[in-house]
Structure formats: structure tokens, C-alpha cells
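Here you get one chain, nothing else, as C-alpha cells; it is the form predicted on its own.
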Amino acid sequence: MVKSKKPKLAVWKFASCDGCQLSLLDCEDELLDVAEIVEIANFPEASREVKPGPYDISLVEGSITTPHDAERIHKIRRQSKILITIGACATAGGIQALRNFKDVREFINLVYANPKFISTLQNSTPISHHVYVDYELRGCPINKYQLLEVLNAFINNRKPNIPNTSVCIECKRKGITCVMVSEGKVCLGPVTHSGCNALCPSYNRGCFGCYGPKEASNTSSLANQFESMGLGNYDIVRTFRGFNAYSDAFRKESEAYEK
């Protein structure tokens, strides 16, 4: 009996810190199981060996920030049967998308001795602004167990079982007292997608929104709550402009308070 061919997996990097790729390596023992059912054909973070495409599944980390990357992502899309973006940079533009609210040339002139040699785009944008994306996995960095679930789902032709809940639900499950209600701390938990197991509230800190806005999140209601707590426009803008500043919900809310 002829053995079925393993699906070919490729991992790609654009503008990012590599944290989401490291989440895959952090799977450790689970990664051995992954390697048994897929052929890791292109993963520079883990191996110098690169096998040519086409690829059955491509994991893409990072945002598009240069003309070269804007061209390269189309080449990757053409040789990928399934393309999955991983992390805040790939799904929302990342922390580097803060430059989208200013003139990037100002930063270039301040940072580089010879700005004329820098070739960059005005905006840092998510992968979905350039090519079709089959699935987005959020987080900064991503949850390694969610990544394993997504890979398992696509390998077995099923829908990923990723909870569509907020960080508040994770707090309730862990028995954490709400830091915003009890201590008046600024927290994005009510409008942020779950996945971190309420990491910051577990240490008595407000959520920073690492996993991006939850679907149909009521950011305007939360912003009103921040106002009632005494936050001014400047602080509200800064609260929504973090790792997922350029995601639609957070961007629109921050712009509403930018004066």
C-alpha cells in the first residue's frame, strides 16, 4: 500500500519580532507530532534546508512595510494552497502600525543618518490588505495550543475550534476579580479576543489587547467607561493604540478621540 504524501508546510516572515514563529518552536514535544504528519519544507527559523513549493499550508508572520514585501507576499500566496496569518503583525499591522497615524518620513529622518537609502511604505498593513487569507490567528504572540489546533483543523479539513470569547470570560473561569470594577484600572478585556488565559489580569493588571478586538466588540461603550473613570482623550487614544492599533475597531475608536 502506497503511503499518502505528507502536506508541505512553510513558515514565512515579514516585519515582525519572530515571536510567533518561536511559539511554534516552543511546542517542543508537540512539534515532533506535527513533524510526523506534515513535511516542514520551509522554516528558516528552525532549519537551513528549504524545499521548493508549492506548499499545502503557509504560516505567515509579520506585516507588509516595504515595496519588496508587497511583491513577495503575492508570490507566496500563489504557491500556497492555504495561507494562515499568525500574530498581531500579520493580522493587524502590529505595533509598527503606530507609524500609520503619522508621517513615516519624520521617523526616518530622525533615526537614519542617510534617509535616502530607506525604501519603505507609508503604512504598515496586515497581510489581508494584500492577498486573500484563509484564516487569521491572533495574538502577540500567538497561543501555541491555538496554533496546533489550527494546523490540525486544516490538515483534517475541518473548521478550527478557537473560542470566540473575550478576555473577561477567561477572568471569570479563573476566578479573577475584575481589575476595572474593583480597582478602577484601565482594561481592554471586555473588547479583546481571548487566548492569553487572562495573563495580565492574573497579575492584577489591565488587559493590553494583545489578541485584538473581539468580533462585534463594543469599543465605544468601553471608551465611555474610560471617560467616566477620568481618562482624557489623549489617554484613551493611547489605550487603543497598542499591539493591534490598526485593527478596524481599535483604530476607529482611537481616531474618534484624537483631537
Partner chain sequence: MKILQANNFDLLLNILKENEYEIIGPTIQNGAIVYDKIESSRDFPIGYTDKQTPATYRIEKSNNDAFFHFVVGPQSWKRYLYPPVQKLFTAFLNGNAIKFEKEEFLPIKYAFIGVRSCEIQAIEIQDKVFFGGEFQNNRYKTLRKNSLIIAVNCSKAESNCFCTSMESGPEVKSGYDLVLTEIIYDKEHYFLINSGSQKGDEILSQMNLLEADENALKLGKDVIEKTKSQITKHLNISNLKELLLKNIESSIWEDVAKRCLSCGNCTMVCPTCFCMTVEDYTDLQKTKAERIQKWDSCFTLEYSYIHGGSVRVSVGSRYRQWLTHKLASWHEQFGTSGCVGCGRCITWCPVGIDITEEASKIRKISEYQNISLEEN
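Please read all numbers here as calculations on a predicted model, not as lab measurements. Residue numbers count along the first chain shown, from 1.
Just so you know, the form predicted together with its partner chain exists too; it's not on screen, but the next bit is about it.
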The listed residue (95, 137, 168, 83) that reaches within 4.5 Å of its partner chain in the predicted bound form by any heavy atom is 168
Exactly one residue in 155, 104, 118, 186 has a non-hydrogen atom within 4.5 Å of its partner chain in the predicted bound form; which is it? 155
Have a look at 39-47, 56-64, 205-213, 222-230 and name the one stretch with heavy atoms inside 4.5 Å of its partner chain in the predicted bound form. 222-230
Partner proximity in the predicted bound form: residue 199 to its partner chain, non-hydrogen atom cutoff 4.5 Å: no
Does residue 190 make contact with its partner chain in the predicted bound form, using a 4.5 Å heavy atom cut-off? yes
Residue 74 near its partner chain in the predicted bound form, any heavy atom under 4.5 Å? no
Examine residue 26 and determine whether its closest non-hydrogen atom to its partner chain in the predicted bound form is within 4.5 angstroms. no
Check each residue of 47-70 against its partner chain in the predicted bound form and list those with a heavy atom within 4.5 Å, in sequence order. none
